[in-house]
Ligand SMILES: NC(=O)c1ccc[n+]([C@@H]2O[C@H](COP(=O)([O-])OP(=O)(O)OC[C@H]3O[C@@H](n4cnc5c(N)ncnc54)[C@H](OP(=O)(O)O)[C@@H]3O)[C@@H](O)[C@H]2O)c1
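Presented as structure tokens, the chain that follows is alone, the form predicted alone.
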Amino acid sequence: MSAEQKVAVVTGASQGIGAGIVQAFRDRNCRVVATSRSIKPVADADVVTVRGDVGAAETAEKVFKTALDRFGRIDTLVNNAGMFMAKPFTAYSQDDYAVYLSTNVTGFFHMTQRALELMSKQGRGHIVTITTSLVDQPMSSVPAALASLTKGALSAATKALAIEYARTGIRVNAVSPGIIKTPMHPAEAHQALAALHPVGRMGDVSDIVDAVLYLDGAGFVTGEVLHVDGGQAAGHHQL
């Protein structure tokens, strides 16, 4: 194994966008540490899986210790783990709030803090976080204020960290998706969900993967929140 092979850490890696990102990094001959609550071991020697709750500090400790022990470096962290639950604001329970905060914000905090400590010693690195275009363009048909509360915090933190670490060789960016075809959305809902995008279709996992790969290779880009949302952030169209 080449010591120059890049190493990516991907959270929420067991399905959907996360699994697509893992495969894309492997296709580029990068080694990957993949983590989620339900992830299973894989046969690929260049992928190591770590099962754990992203909201728990010990998961981040284990993920980055594993990355260093197995591969000796960390080049990219993809904060993909997240949850989404569309409800009227007053219908959210205390448990809903707690799990939203744990997965979307606390997980980002622990994973990003560990990554920045290691990347600062290396003098290089890239962190990219998956947010949502509902932060910028809420929709009356999709009441999701807890997504905006938590993912909006990540968009703001992306810019803050990009500036804080701008001279260290570390870049910090985000991808802001529209509604993507993943196991989260049943096939019978696809037509209605497609209509929520000005371009008239849902996004594919590959659309988000391509954005992550672009940002990972874009050495002059930091503090960017890249909208990959079929025009949602630009405005709305008449249905």
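This structure is a prediction, so every number in the text was calculated from the model and none was measured. Start at 1 with the first residue shown and count on from there.
Omitted here: the form predicted in complex with the ligand. The next part is about that form.
The stretch among 26-34, 62-70, 41-49, 172-180 whose residues place heavy atoms within 4.5 Å of the ligand in the model of the complex is 172-180.
Among 76, 112, 158, 103, the residue placing a heavy atom within 4.5 Å of the ligand in the model of the complex is 103. Judged against the ligand in the model of the complex with a 4.5 angstroms heavy atom cut-off, the residues 126, 162 and 222 are out of contact without exception.
In the model of the complex, no heavy atom of residue 118 sits within 4.5 Å of the ligand. When contacts are judged by a 4.5 Å heavy atom cut-off, residue 231 does not count as touching the ligand in the model of the complex. The ligand is not drawn, but in the model of the complex it has no heavy atom within 4.5 Å of residue 192. In the model of the complex, none of the heavy atoms of residue 9 sits within 4.5 Å of a heavy atom of the ligand. The partner is not shown here, but in the model of the complex the stretch 151-167 reaches within 4.5 angstroms of the ligand through a heavy atom at 151 alone.
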